[in-house]
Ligand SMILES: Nc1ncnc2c1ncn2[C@@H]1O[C@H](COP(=O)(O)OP(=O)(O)OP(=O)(O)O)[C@@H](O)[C@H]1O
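We begin with a single chain expressed as structure tokens, specifically the form predicted on its own.
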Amino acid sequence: MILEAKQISKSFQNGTKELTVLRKLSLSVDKGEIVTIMGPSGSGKSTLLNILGTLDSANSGTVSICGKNVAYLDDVSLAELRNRHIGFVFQFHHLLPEFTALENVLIPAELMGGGHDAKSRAKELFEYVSLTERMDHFPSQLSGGERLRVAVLRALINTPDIILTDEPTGNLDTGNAERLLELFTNICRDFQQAMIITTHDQHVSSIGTRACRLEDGILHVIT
């Protein structure tokens, strides 16, 4: 088991009112599995993903990544776990404009002290997504679909155990969205990569080996 969340609850204070977003939610993800979580805007999908990715904490409940309960880790250990075991892909690519595509992909590896091996892996990944000729281009010189594929490679560079992706097709046209979904499916098949995808799109949800719906803070398994 790559990720296990148990009885996750999260609420926010809104003036004098308390807004409950997640209610005793539990989820587990195994190697090579794609879990899609569908729900409308404001349903708590991003909040859940941030908690699972250790970017936020729950009010109650536990999250374990590769057998490690994140509640017992200090900030340094948590950052190391996040960089080693988790890859992130967001709706906005968040590429650094002053760095080339290749340099952007290598940033997480450099934080881990990676060297020549990381650069070789990066070049292999660029070949995998047919972007070899775009490695030395800056983000402003890439199309929207290309930028998001580079962001996916950045998430893959440290061979994480799980990739968390939040509304990845939200800013893409139909053609680029289809190519990205095909890439996700291929990654999970070829690298036995675990992945959680949040979406409001039924079609995106359908690529999951397990599809869920987040509604009123409760996670329902659809398939």
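All of these numbers come straight from a predicted model, not from anything done at the bench. Residue indices: 1-based, along the sequence shown.
Omitted here: the form predicted in complex with the ligand. The next part is about that form.
K.L.:
Give a yes or no for G42: in the predicted bound form, does one of its heavy atoms lie within 4.5 Å of a heavy atom belonging to the ligand?
P.N.:
Yes, G42 is a contact residue.
K.L.:
Applying a 4.5 Å heavy atom distance criterion, does S46 contact the ligand in the predicted bound form?
P.N.:
Yes, contact at 4.5 Å.
K.L.:
Is it the case that N14, even though its partner is missing from this view, gets within 4.5 Å of the ligand in the predicted bound form, heavy atoms only?
P.N.:
Taking the distances in the predicted bound form, the answer for N14 is yes, it comes within 4.5 Å of the ligand.
K.L.:
In the predicted bound form, does D161 come within 4.5 Å of the ligand, counting heavy atoms only?
P.N.:
D161 lies outside the contact set for the ligand.
K.L.:
Just to confirm the contact call: exactly one of 62 to 70, 175 to 183, 189 to 197, 34 to 42 touches the ligand in the predicted bound form at a 4.5 Å heavy atom cutoff, so which is it?
P.N.:
Result of the contact check: 34 to 42.
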